[in-house]
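There is one chain below, alone, in structure tokens, taken in the form predicted on its own.
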């Protein structure tokens, strides 16, 4: 490829990858916006979702697109148990205690992954041909396109859930003002459980999608947590459109950074975007603010 084609190819690949980043960030943004906790274990929950899809594929040959739903289901239940057993005792007790609990959980998940599956990187086969469509200025990879479409569908489904269901409307009301939501009869404890379950399920979905494109090992959680943070800060907490736009911007920036600086600088690009947005526009591009009291 000539230089111009490499740039356009990096941009197209970044857009397609950005959809998965947006799914990962959406779960983190949802939990932060509603519960006011920073889920430091979010990247490791993503890792668990990826391993579920990989192991299901290795054991049964079932495509990770189907395994993704199993990963989402398992992590949805995991989120319920996590909130009911651990986090309910520390949510609302300041920012330190939930952070300590979730940091410890991240280390536990990482060590369980290493103990059970070893430190080797694994990946899953999407089960569709690796070819695609030649657009003239870039090649549209079929696996990347499929994962992007699935990611956009998941984001759209989450938006519809929040907009058109009673539970979704209760979640939005809790995000706007918790005390007022309680006065109106909304069970905010139940909303916290559902919010964390949905957030962890989205992490599982993102992990399953990433397992089709990139090798996964027990240590990738921190890297993807950083990317999710960067997307949330870039798009703004509470904005689904901002999350999608932020994911695409991060994906494109990472690919262009890898093109010009080398693949080892992907995480550096994420960190620079994270810090740059915090300094210049901390509310993000579409930020609407977190939950109030």
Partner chain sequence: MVNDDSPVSRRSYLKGTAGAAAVASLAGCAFSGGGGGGDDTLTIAGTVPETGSFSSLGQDLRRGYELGQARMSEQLDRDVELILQDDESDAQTLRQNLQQITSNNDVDMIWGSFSSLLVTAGSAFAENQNLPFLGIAFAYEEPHRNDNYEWTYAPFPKSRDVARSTLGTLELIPESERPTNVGIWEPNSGWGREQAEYWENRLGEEGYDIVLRETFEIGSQDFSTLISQSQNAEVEVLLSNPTPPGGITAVNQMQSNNWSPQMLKFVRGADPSAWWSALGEAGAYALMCPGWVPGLTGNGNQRLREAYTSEYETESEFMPVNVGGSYNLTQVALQAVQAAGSTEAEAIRDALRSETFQTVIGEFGFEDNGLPAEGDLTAPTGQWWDGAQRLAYPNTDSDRSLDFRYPIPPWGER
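We call the rigid core the largest set of C-alpha positions that still match within 1.5 Å between the two forms. In this text, all values refer to a predicted model and were calculated from it rather than measured experimentally. Positions refer to the first chain, counted from 1.
Although not depicted, the form predicted in complex with the partner chain is the subject of the following passage.
Not one of 165, 168 and 239 comes within 4.5 Å of the partner chain in the model of the complex, counting any heavy atom. Residue contact check for residue 180: none of its heavy atoms lie within 4.5 Å of the partner chain in the model of the complex. Contact between residue 136 and the partner chain in the model of the complex is not found at the 4.5 Å heavy atom cutoff.
Though the partner is left out of this view, residue 259 does reach within 4.5 Å of the partner chain in the model of the complex, counting heavy atoms only. Contact annotation: residue 141 falls within 4.5 Å of the partner chain in the model of the complex, judged by heavy atom distances. The partner is not drawn, yet in the model of the complex one stretch among 192 to 200, 171 to 179, 69 to 77, 111 to 119 has residues with heavy atoms inside 4.5 Å of the partner chain: 111 to 119. When you look in the model of the complex, the only residue of 146, 213, 154, 186 with a non-hydrogen atom within 4.5 Å of the partner chain is 213. Contacts between 256 to 283 and the partner chain, taken as any heavy atom within 4.5 Å in the model of the complex, involve 258, 259, 262, 263, 264, 266, 267. Superposition of the core reveals a Cα shift of 2 Å or more for residue 259 between this form and the one not shown.
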